[in-house]
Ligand code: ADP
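What follows is a single chain, given as structure tokens, in the form predicted alone.
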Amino acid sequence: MSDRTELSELGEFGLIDHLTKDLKLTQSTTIKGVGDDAAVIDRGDHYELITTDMLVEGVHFDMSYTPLKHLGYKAVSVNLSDICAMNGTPTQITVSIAVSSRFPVEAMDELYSGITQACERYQVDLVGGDTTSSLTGLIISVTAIGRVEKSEVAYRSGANEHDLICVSGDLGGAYIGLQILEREKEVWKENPEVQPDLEGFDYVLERILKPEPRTDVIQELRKHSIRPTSMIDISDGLGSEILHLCKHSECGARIYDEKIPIDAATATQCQDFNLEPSVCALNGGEDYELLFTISQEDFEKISKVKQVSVIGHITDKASGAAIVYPQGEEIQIKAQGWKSF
């Protein structure tokens, strides 16, 4: 009997590495293939960016508390975020959908109204895709296309020792929003007569149901002439993404616990679940903020960008990636965010 390796043994990123380890690039225009937030194609006077993401019912979203309009919007947003993570500007998308017969045309209208709203909000064109049937539910696959000047592209691999580590917005909100939705779902399952109690949770619910790609941050960085040395978006939690940057840039990192930006509403609602806000930020995921490094010389410039926080610095590879607590205690960062398998 032949050996069998379970997908869960490798995990999502291990599986990607395994499946693509023997791929060879043959086109001179392919600057970056698998392994970053988007592929990079040489188009002469600029680089084209291409990324694809799939959302699967029951794995990435739960129809019992995900409005279809929000789902359509989010499917676009998470892909545009990958274009932003290369320091690029999104320009077009394609959308492919596999849908089961339990969804009527009206449901698809609702889904596409969210897709259209995101396209209008971020000025991207929907230029194609595919539609087919599904036996099990709803699957949405979006491919996003963008562009970036050759001198401006940011990879996961460019961080240097002593670079400053920055993050946009605030973290942990999406994870707490998900906890609230799951809690109310359990209450509803026990008694379908009870209406969900979502009063006062607007911010964290919007973080999980309707994330926004940080195109505004990319524009601000350009405005202040800041070119990130490395960059990634936060889809799987701050801890996991820091480890990606460290792996690709062959470096270590020190993140300061008290510097991690956390919204007041998120912090309060973390207490309701007996969770440490910084733990939610490190391990929660789906915030779709930008994590990036900059040269120390750009410290004065970055301090003028209101929506960005400096949370640490890059160290040598041997020292590993750690979070530093106010008392001086250091704990090595482990990836405990979203797992697909």
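All residue numbers refer to positions in the sequence shown, first residue = 1. Everything numeric here is computed off the predicted structure, so don't read it as measured data.
One more form of this protein exists, namely the form predicted together with adenosine-5'-diphosphate (ADP); it is left out here, but the text below deals with it.
Stretch 36 to 44 is the contacting one of 58 to 66, 271 to 279, 298 to 306, 36 to 44, since its residues have non-hydrogen atoms within 4.5 Å of adenosine-5'-diphosphate (ADP) in the predicted complex. Among residues of the shown chain, I16 is one whose heavy atoms approach adenosine-5'-diphosphate (ADP) to within 4.5 Å in the predicted complex. Although the partner is absent here, D82 is a contact residue: one of its heavy atoms lies within 4.5 angstroms of adenosine-5'-diphosphate (ADP) in the predicted complex. Residue contact with adenosine-5'-diphosphate (ADP) in the predicted complex: T20 places a heavy atom within 4.5 Å of it. Shown alone here, D170 lies farther than 4.5 Å from adenosine-5'-diphosphate (ADP) in the predicted complex, counting heavy atoms only. For the stretch 243 to 272, the set of residues having any non-hydrogen atom within 4.5 angstroms of adenosine-5'-diphosphate (ADP) in the predicted complex is empty.
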